[in-house]
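As C-alpha cells, one chain now follows by itself in the form predicted on its own.
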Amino acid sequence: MNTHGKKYMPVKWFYDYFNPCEAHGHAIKGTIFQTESEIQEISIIETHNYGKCLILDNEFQSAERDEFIYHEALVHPALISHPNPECVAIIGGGEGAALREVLRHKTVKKAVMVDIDKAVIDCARRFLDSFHENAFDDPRVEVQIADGRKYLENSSETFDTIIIDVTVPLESGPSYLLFTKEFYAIVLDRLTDNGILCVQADTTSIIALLSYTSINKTLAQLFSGVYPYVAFIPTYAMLWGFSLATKGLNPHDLSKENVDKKISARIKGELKFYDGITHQALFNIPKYLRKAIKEQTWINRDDKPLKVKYPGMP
C-alpha cells in the first residue's frame, strides 16, 4: 500500500477490544515483557505511535506518549481544588505515574500508594521509568501491597485526597468492589473535613454509559458534591470519565486565573496538559452525559455490584 509515495511494510498489531464488535488497533514493534501474576496477566509492548504501553489482562492501561493526559487529569483537579493537600492516598496506580503527579505538589508531605499486585510495580520499576520517574523512591512515599478496600477499612489514618486509579469493574477483574456505595462510605470516613475523592470512572462511550453514570449516581448517595468530568485519551480513542466527590468544596468555583496561580505556587516542573483553561474545559461535559447521569437510577452495592458487560459480550 502506498501512502504519500511511501510503501508501508506489514506490521504486527495489538487490538484493544472495547467489545467484541469494536476495537482500536495499534501497530507494534514487539513485546518488551510479559508475565502472569497471581492476579492478572501483565504485558509491556512497544507501539510505533505511542511508545511503551502497559497492558493488564489484554486491556490498555497507559501509553508512554499520552499517559500525561490521563494522569494529569486524574490528579491535579482534585489537588488544586483542595486548599492544602498534605496527605494523599492512591488506590491502584501500579505504574507510578499518578504518584509522580501527586509528588509534584509542594504541599504533599505523605503519599500512600496501595496496589494489590506487587508484580505490576516491579514491572514498572524495571521497564517504565519514564512513567514513574523514580517516584517510588521519594522519601514521602509509602507503598503498600494490599487490597485497597481492606487497607482503608483497617486504617485509622485520614487523607486530604484519595485517588482511585484501578481497572474498570469487569466481572472477571479484581476491582468491581471498589465502585460500590459501601466502599465509598469507607472512603468518606477516611477523608479529612475538606477531603476530596477522585475516581477514574470508566468510558463515556455513547454505547456503554452504565458504568460512568452509575458511579456518579452512587457517589451522590454519600457526598454533598459530585462533579463528573472527562478528558480525551488518544490511546483509548474516546472521552474517558472521571469524577470528583467532595464534602463541600466545588471545583467549579475555581477561575482559570486562580487555577494557574495555584499551579505556579504549588507545582514543581511544567505540566503538559492541565492548566486553568483545561480545568474549565474538563468539567463542561457533553449534554448526552449530563442527561444520562440525571436519568440513571442504579446504585452500586456490595450485594448488587456493577460488573460491566459491554455490547456484544455474553
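Keep in mind that this is a model prediction, so the values were computed, not measured. Note that residue numbering begins at 1 and tracks the sequence as displayed.
There is another form of this protein, the form predicted in complex with S-adenosylmethionine (SAM), and it is not shown here; the text below is about that form.
Among heavy atoms of Val168, some come within 4.5 Å of S-adenosylmethionine (SAM) in the predicted complex. Mapping the unseen interface onto this chain, Gln40 counts among the residues with a heavy atom inside 4.5 Å of S-adenosylmethionine (SAM) in the predicted complex. Contact annotation for Leu54: at least one heavy atom lies within 4.5 Å of S-adenosylmethionine (SAM) in the predicted complex.
For Thr192, no non-hydrogen atom is located within 4.5 Å of S-adenosylmethionine (SAM) in the predicted complex, even though that partner is not displayed. Here the chain stands by itself, but in the predicted complex one stretch of 146-154, 103-111, 212-220, 132-140, 146-154, has heavy atoms within 4.5 Å of S-adenosylmethionine (SAM). Think of it this way: in the predicted complex, S-adenosylmethionine (SAM) has a heavy atom of just one of Ser81, Thr180, Thr235, Gln200 within 4.5 Å, and the residue is Gln200. Although the partner is absent from the chain shown here, none of Val187, Ala245 and Asn300 has a heavy atom within 4.5 Å of S-adenosylmethionine (SAM) in the predicted complex. Of the residues in 115-133, those that come within 4.5 Å of S-adenosylmethionine (SAM) in the predicted complex through at least one heavy atom are, in sequence order, Asp115, Ile116, Asp117, Val120.
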